[in-house]
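Have a look below at one chain only, the form predicted on its own, in structure tokens format.
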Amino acid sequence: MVRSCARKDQTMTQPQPMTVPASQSWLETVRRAVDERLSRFFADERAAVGELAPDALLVLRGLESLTLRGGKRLRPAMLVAAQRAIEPRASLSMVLSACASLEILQSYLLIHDDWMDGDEERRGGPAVHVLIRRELGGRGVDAVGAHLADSLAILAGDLGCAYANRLFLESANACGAAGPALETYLRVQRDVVLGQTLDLLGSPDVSRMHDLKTGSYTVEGPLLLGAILAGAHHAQLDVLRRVARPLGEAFQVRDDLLGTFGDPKKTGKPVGNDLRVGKHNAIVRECELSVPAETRAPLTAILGRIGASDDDVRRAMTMLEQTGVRARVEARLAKLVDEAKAPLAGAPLSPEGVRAISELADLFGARES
């Protein structure tokens, strides 16, 4: 067991205690605090980079732009919920840098992922490689300029990785848990890279790919990290692992539903984006398993066709609705959420933390389109 943040909390100046009420107000508290920490961090880095290498500011601007476009900050919320499950008196301020690090870590992964997938939009704005192409102006339109912009975008992601590690270490040191926490944090990064590799190679083991690529840094990593920073013992960590496995899959299934049926105003991507880019997601797999080939022809016709028309995409989505594919995937999502919440009953965790984790699980299971 590592030292708890709660013991060092008394020496902090201006601590930020945070209760976890039976409502979603605590999520807003986390989101605001993380956004403020990120804003301060990027302001400091703009000044530092401006002195050290002013020509490199466009890389920092790309990373900052994407990060501050973020939404609900669910990964930091996972970390805070786990912290509260172990030590409900612990202060948010002790793990705030770790929370911010998860958001920058995600930006690093998204920047690289968008470039690999050829996606041009993210969170309602341009992907970072597109943003940098535009900033380069005329040089961003020819092949040489595009290659330069894409290379700079990769460096923006690399910079994000360095920043994420630095911020996480700040919280780990504050909590006296640098060794075990950093080991877990770096293992999460390894798993994401391995999962992305399986994705690019078209691995038939889709479940393992999703577990490594998405579940590792979205659910299991944040839960374990929050618990370790709060001084968790082995039995508590075991419970959180059992929660994380189905909840990580639930997150991916929900993401697949949003990527196919989601409102572009909420997803920040064109309608049916996952179908256009040819992602072999939960909806496509269910369709292939349960719908005859002749019936799923509208899907086959657009899968992997970036230039597919909106009308063709809508026909495919209608087929997925009428054949019950969407309903079956949504039922799978609900089952996964129930499986994730089951280990919380009678677990050696605080009631506040159990309630917070349950609320997050319910958010994953909510239908949003």
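Note that residue numbering begins at 1 and tracks the sequence as displayed. Note that the coordinates shown come from a computational prediction; the quantities given were computed from them, not determined experimentally.
Below: the form predicted in complex with a further copy of the same chain, not depicted.
Asker: Specify the contacting stretch among 289-297, 236-244, 198-206, 86-94, defined as having any heavy atom within 4.5 Å of a further copy of the same chain in the predicted complex.
Answerer: Selected range: 198-206.
Asker: Note which of L257, A127, L152, A174 lies within 4.5 Å of a further copy of the same chain in the predicted complex, where distance is taken over heavy atoms; exactly one does.
Answerer: Filtering the options by heavy-atom distance leaves L152.
Asker: Among the candidate residues A43, A53, A331, A342, which is the single one with a non-hydrogen atom no more than 4.5 Å from a further copy of the same chain in the predicted complex?
Answerer: Contact with a further copy of the same chain in the predicted complex is made by A53 alone.
Asker: Residues H147, A178 and E183 are flagged as a possible site; in the predicted complex, is every one of them within 4.5 Å of a further copy of the same chain by some non-hydrogen atom?
Answerer: Every residue of the candidate spot has a heavy atom within 4.5 Å of a further copy of the same chain in the predicted complex.
Asker: So in the predicted complex, does any heavy atom of L110 sit within 4.5 Å of a further copy of the same chain?
Answerer: Contact with a further copy of the same chain, no.
Asker: Would R134 sit within 4.5 Å of a further copy of the same chain in the predicted complex, counting heavy atoms only?
Answerer: Contact with a further copy of the same chain, no.
Asker: Heavy atom to heavy atom, is E120 within 4.5 Å of a further copy of the same chain in the predicted complex?
Answerer: The answer is no: E120 has no heavy atom within 4.5 Å of a further copy of the same chain.
Asker: When the contact criterion is heavy atoms within 4.5 Å, does A48 count as touching a further copy of the same chain in the predicted complex?
Answerer: Taking the distances in the predicted complex, the answer for A48 is yes, it comes within 4.5 Å of a further copy of the same chain.
Asker: Sequence order please: the residues of 160-180 with a heavy atom within 4.5 Å of a further copy of the same chain in the predicted complex.
Answerer: Residues within 4.5 Å: C161, A162, Y163, N165, R166, L169, N173, A178, G179.
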